[in-house]
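Starting off, we have a lone chain in the form predicted alone, written out as structure tokens.
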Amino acid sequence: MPAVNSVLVVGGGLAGAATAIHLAQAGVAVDLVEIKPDVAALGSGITLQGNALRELRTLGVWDQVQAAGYAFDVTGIRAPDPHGTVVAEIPDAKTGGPDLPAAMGMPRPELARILVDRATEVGAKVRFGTTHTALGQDADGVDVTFSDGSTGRYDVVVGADGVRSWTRRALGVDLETRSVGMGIWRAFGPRPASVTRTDLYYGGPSYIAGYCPTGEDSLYAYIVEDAQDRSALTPEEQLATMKELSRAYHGPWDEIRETLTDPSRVNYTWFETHVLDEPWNRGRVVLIGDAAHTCPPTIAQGGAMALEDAVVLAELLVERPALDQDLWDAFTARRHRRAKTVVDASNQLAQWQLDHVQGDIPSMMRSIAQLTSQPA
């Protein structure tokens, strides 16, 4: 018998949907609630490393992901010169194993749709536009009041509700989310034929200018600058600002820039970071994914870490006979140090750029690849 019979998952992103799938497949009664109104609102573009693809295969969605995304095995480094000259082509580590691509780009809302559909298919009950307003737990379970006025009682509540986690705040967990010091412009548009992988341009007026194919006909492009308050800009001014910053970059960027015409497809956010000290649970409520750890996308491991949290938590809840401290200690032991190592590396890469320091990037990337090549 599993340690739990009923679980509430709060948050329909990668960590939440994956947890719901694994538990529902094992026969656990799962309710999944998401405060956003529908799956299309769940994020923008995403780069998935091989270890993320490995977890997606265990969820039974690899075929759909493969069809919807764009896989590649090499990252290009280009110069911020008049030609966008390729200065290096770096084979990416196949951290998911030799039979999976090294990396894949895809629209995050499409990935969310695939995962939520899978959760529903295996028996999870999914509600959008809903979250909890009160949590009360005792030795045997958690009583939950929802924003639509309904109530429920569960063996465990999983808070997978993102960087600004309402579940974390409801538990009274004090966690500082700080700015890394960088801001990122992102835009979505058609994929020129010349874009067949991620290329990164370092230097010029911005720290990084890059792009990632997300499908046969789509990509997302991004430019990283010093973090600043861009909130007063209208959507049209945001579009104009990103296009102006992009004029320093050439090669495929010259084609991409011409497609940047829709202000609604441009957004600007800051890189932020935090890691929750262990333990990640407070009694029968546990935090995973961005609610527990988040970092800048400098090594593109955020999605993978969220999926790994889900598979480890679900495995323990299903395979252990009792919901006791040994279970929570095992979860912490398998997740905290690994996630913190990834967060620390991501922050270090960002800091080297901020400080204009040539750090030992190859060594760090090898270390992270070795770590993530091993299943969580």
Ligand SMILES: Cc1cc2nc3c(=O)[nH]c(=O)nc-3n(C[C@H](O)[C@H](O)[C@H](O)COP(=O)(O)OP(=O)(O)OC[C@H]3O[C@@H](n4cnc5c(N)ncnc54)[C@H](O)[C@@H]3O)c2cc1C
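All residue numbers are counted from 1 along the displayed sequence. No experiment lies behind these values; they were computed from the predicted model shown.
This next part talks about the form predicted in complex with the ligand, which is not shown.
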Indicate whether residue 36 is a 4.5 Å heavy atom neighbour of the ligand in the predicted complex.
yes
Touches the ligand in the predicted complex: residue 269 (any heavy atom, 4.5 Å):
yes
Does residue 220 reach the ligand in the predicted complex if we count a contact as any heavy atom within 4.5 Å?
yes
At 4.5 Å between heavy atoms, is residue 131 in contact with the ligand in the predicted complex?
yes
For the interface check, one of 91-99, 296-304, 174-182, 236-244 should have non-hydrogen atoms within 4.5 Å of the ligand in the predicted complex; which one?
296-304
With the ligand left out of view, choose which of 46, 59, 350, 323 has a non-hydrogen atom within 4.5 angstroms of it in the predicted complex.
46
Suppose contact means any heavy atom within 4.5 Å; which members of 147-172 contact the ligand in the predicted complex?
160, 161, 162, 166
